[in-house]
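Let's start with one chain on its own, the form predicted on its own, as structure tokens.
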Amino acid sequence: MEPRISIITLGVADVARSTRFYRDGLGFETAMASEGYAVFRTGGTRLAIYPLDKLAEDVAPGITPAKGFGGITLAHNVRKKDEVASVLQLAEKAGGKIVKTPQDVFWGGYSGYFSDPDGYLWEVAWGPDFKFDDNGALVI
């Protein structure tokens, strides 16, 4: 197997609302969309949204979606420290909720968290040693 994550799919309560949040609010470019789902272009990996109940049904009959923190976060890394607050404000204006205000963190960077309309948590982070390739992907 080649190590790769091609698509991250978020199960959402309202596809239209989430499409507006990501496309119109955060400026994600739509790669594909219909009434029942949407796929957005990001630097390499695609982000998809799909109805939560249908996604659970696709995983296994009878499985039920979990509530609360699911043990996963998504990250958006920025090039400049002051961009952390700007991205958090953009997310809040788009209908997200700031969960953790920007602050210095234990690993030497600066970050904060927001949740999207379905409660998925995004960390917005800057690090003094972050480097990005020509496509905007974080180089680690």
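Start at 1 with the first residue shown and count on from there. Keep in mind that this is a model prediction, so the values were computed, not measured.
Form predicted in complex with a further copy of the same chain: not shown, discussed below.
**Q** Is Gly11 close enough to touch a further copy of the same chain in the model of the complex, meaning at least one heavy atom pair within 4.5 Å?
**A** Judged by the heavy-atom cut-off of 4.5 Å, Gly11 is in contact with a further copy of the same chain in the model of the complex.
**Q** Taking 4.5 angstroms as the cut-off for heavy atoms, does Gly70 touch a further copy of the same chain in the model of the complex?
**A** Result yes; Gly70 sits at the interface with a further copy of the same chain in the model of the complex.
**Q** Since only the chain is shown here, I'm wondering whether Ala33 would be in contact with a further copy of the same chain in the model of the complex (any heavy atom pair within 4.5 Å).
**A** Contact with a further copy of the same chain, no.
**Q** Report whether the minimum heavy atom distance between Tyr110 and a further copy of the same chain in the model of the complex is within 4.5 Å.
**A** Outside the cut-off, so no.
**Q** Relative to a further copy of the same chain in the model of the complex, which residues of 41-57 have a heavy atom no more than 4.5 Å away?
**A** Result: Arg41, Thr42, Gly43, Gly44, Thr45, Arg46, Leu47, Tyr50, Leu52, Leu55, Ala56.
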